[in-house]
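The chain that follows stands alone, in the form predicted alone, written as structure tokens.
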Amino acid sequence: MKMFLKGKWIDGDQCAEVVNPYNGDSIDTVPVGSAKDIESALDGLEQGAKVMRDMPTHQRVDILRKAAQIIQGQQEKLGRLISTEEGKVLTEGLIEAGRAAETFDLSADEARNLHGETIPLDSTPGGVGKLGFTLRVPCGIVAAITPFNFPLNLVSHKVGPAIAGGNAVLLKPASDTPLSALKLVEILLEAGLPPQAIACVTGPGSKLGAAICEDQRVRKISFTGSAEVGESITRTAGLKRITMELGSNSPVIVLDDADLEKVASTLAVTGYANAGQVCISSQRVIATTGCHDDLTDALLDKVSKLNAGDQLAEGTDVGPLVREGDAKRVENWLREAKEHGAQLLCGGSREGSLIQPALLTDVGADMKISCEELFGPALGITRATDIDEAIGLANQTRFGLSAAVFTQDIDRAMRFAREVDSGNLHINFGTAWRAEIMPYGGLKDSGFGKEGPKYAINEMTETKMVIVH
């Protein structure tokens, strides 16, 4: 496929292969963009931002609604593409494509709800006789820097609200999974988006990131990825509006009164979906003494039955990691945990980019698989004496994106919600759950700002204050 800038599909001086992470087969090639391509793309988007700013709301709504319809019509094709380039099992790819359609549909809804407000200036003596109101206006050019793990829906969560708010968009998809994003550009053009209003430049972030972040024509950056890259972006970007959705190592507290069959069945999904390559994948299970042993047995029964293999084959529960290098890293972290006293109850063996789903117990809070983001198919169980220690362990991290508790006690559930430092808090479910409509974002090193079309549009528009004297 080609990249898209200044209203045209173009090649680059070099190209890179996009491969199936399971077998390494080439799927397609994409250009390796350069800083000059970013500059050229922004030259075109300057005009696109003016076009979008002047476009009536109903036209933006129509474009977004039609894009949602096209995605729905191509759900099977898009779902297979997602699974092939990213590695998630086909069922998950199809679900993601459906979610992307919903994201665009919600963006259309929220475009209609974008409005200012009147300000009661006469609430102070100096404001008597004056009329005050606000206007919401587009930022102008929004840069969307997206990750590999949800190559269509996380792109949609940035592009849909940006268009709804009347912006032009510079899209930089992940190098491993650019094809879904390029297909989305095709869909948006078919839906009627002006060609000058979007650009998609493919290539490594190490080459393109600085050019995007330093350019003053980019008013807003929305980034999803690692905390380390996020920090680098904030240092480079300067005076820009920024949304950061960064990493996590999501804790799940299991108290003595929990339904352990429900816990085990849930965590077998929320800890291993997309081979654990989900920012909110359940990673740290903190079980109190009264349920620890029974929960370990129940989880072992579920996890040991998960089958890792070809993501496109029927019967596969867990696909490959996106890169063999990532699988080697996960393998090494599991080995380090064993060397430091953790017990590997099942899984953990590697074949290429596949890691057999792993379950560990006796995991210490200072082990890498507990205090860093694993991004792999494994759960680690840590014992806690009571809810006080469990909450302390849950908060013993620099991250705060998603956390969960299993309990039948409403008082303890609400204490968890008040005291655990996390942007998303789940009661009686795992951490890896998100609805497109909800405000989604983290605390601490997990980032700042919120996604979800309603909330993203607010961050992709700015406020003008008007006073009539």
Ligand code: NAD
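Start at 1 and count along the sequence shown; that's the residue number. From a predicted model like this one, the values you see are computed outputs, not experimental measurements.
The discussion below concerns the form predicted together with ligand NAD, not included here.
Contact annotation for the candidate site: S175, F375 and Y440 all lie close to ligand NAD in the predicted bound form (heavy atom within 4.5 Å). Contact annotation for Q356: none of its heavy atoms lies within 4.5 Å of ligand NAD in the predicted bound form. Interface residue remark: T146 is counted as part of the site for ligand NAD in the predicted bound form, having a heavy atom within 4.5 Å. The shortest heavy atom separation between P138 and ligand NAD in the predicted bound form exceeds 4.5 Å.
At least one heavy atom of E245 is located within 4.5 Å of ligand NAD in the predicted bound form. Contact with ligand NAD in the predicted bound form, judged by any heavy atom within 4.5 Å, is made by just one of L321, V169, V252, L154: L154. In terms of contact with ligand NAD in the predicted bound form, the residue from L189, L121, V229, I95 that brings a heavy atom within 4.5 Å is V229. Residue heavy atoms within 4.5 Å of ligand NAD in the predicted bound form occur in exactly one stretch of 101-109, 231-239, 285-293, 362-370, and that stretch is 231-239. Within 4.5 angstroms of ligand NAD in the predicted bound form, the stretch 381-401 places a non-hydrogen atom from L401 alone.
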